[in-house]
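The chain below stands alone and is given as structure tokens, in the form predicted alone.
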Amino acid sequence: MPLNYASVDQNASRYAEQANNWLAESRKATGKLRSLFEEACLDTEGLKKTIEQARQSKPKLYLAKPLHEDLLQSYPLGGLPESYTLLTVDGSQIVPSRHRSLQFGLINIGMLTVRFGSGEPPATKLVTELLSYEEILRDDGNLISEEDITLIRDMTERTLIANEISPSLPRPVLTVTDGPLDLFFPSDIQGKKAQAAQREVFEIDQYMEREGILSAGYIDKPGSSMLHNMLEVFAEFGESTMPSQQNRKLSISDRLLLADRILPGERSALFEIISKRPSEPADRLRVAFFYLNVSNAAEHPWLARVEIPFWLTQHPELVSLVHAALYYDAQVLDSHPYPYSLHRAHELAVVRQAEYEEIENLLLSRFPADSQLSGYRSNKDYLKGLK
């Protein structure tokens, strides 16, 4: 049965009107926020003090904190060394489903290693891991969720990166993953599990720093409003001439706030991510970020958020290398700029529906014909598959 397009058409004009009203309201709010941003940037040290006040008094925070660079400036593209290594990793997964004939979980990790200046072709690696039956069951006997699988995948990606580091890789080495560097979880993955994962990520970062390995997390079309949150704290705790917008209706994304300030190839100033939640481990990865305009057309800015370990911010030449390596790699896909190496890692890792079913059939073949663990799809799933 196709969609009822007539019904959609009846509401399309109303939807478009609502969306345009929201856009107009967002632009108006962005204009006010830019004025507050410029005011806050005139006293960076005062801004930092208000953030520290908020850290002491608020139970939860997620905002940007200025570092040592001028917030009103953008920073130009630098050069690259003759030889360096770019190592990118991305993953996909199969989440256990009670509707299928067999419940199983799988993660698939693609890795691309490019030794620039060596004349060698990129090296690819694919790691496929079928989760054990014990791993796909929670302590209460229920199947693990998509968030649980994502956590396993994220930790596997980071472990594989650390294990891939060897003296044979031309230095400097930059490793890149898709998404934030730190781990964030929904409410059902809090407590000891989250803390253990964050400690492990912290320990991996300590190892990478000792080895002099650079790391970055690349977020395309980010929707976060860390700068808006920062300015709300400034309005609440500082001496701003503009009032705080507590219980604000709109969250203005960092992209909207900075889009007109950063030319193609340039980056924003550096910020630190301040993330405060109850019961967080003391040893947690400290993360900084900048916004990078990967567009090649001034009239169409495209800002990505690039996250880096905090220790990298103490080395301007290394920040410049991360900036340049990601920008130039994104220009390979010039019509839709995105790091080509990261895109190739994703292509390696993606699990297609046909592969899902092949794996399911392989596993089913290892069970006795009369096994009660296998062979029965839910009626709902069966009927969905009918042509």
Partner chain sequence: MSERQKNIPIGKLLRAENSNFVAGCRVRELDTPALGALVKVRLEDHSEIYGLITNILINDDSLVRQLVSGVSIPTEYTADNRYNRNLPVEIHVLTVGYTQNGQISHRLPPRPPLSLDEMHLCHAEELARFTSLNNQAYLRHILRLPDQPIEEILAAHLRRARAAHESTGNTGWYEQACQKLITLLRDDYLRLTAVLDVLTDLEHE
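Numbering follows the first chain given and starts at 1. Just so we're clear, the structure is a prediction, and the values are computed from it rather than from any experiment.
Another form, the form predicted in complex with its partner chain, is not on view; read the next lines as being about it.
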(request) Tell me, out of W302, F202, F116, F237, which residue has a non-hydrogen atom within 4.5 angstroms of its partner chain in the predicted bound form. (result) F116
(message) Exactly one residue in T159, S251, T124, T128 has a non-hydrogen atom within 4.5 Å of its partner chain in the predicted bound form; which is it?
(response) T124
(message) Looking at heavy atoms inside 4.5 Å, which stretch does its partner chain contact in the predicted bound form, given the options 333-341, 46-54, 64-72, 28-36?
(response) 333-341
(message) Is it the case that E120, even though its partner is missing from this view, gets within 4.5 Å of its partner chain in the predicted bound form, heavy atoms only?
(response) yes
(message) Is L86 near its partner chain? Define near as a heavy atom within 4.5 Å, in the predicted bound form.
(response) yes
(request) Tell me, yes or no, whether L112 is in contact with its partner chain in the predicted bound form, where a contact means a heavy atom of each within 4.5 Å. (result) yes
(message) When the contact criterion is heavy atoms within 4.5 Å, does E347 count as touching its partner chain in the predicted bound form?
(response) yes
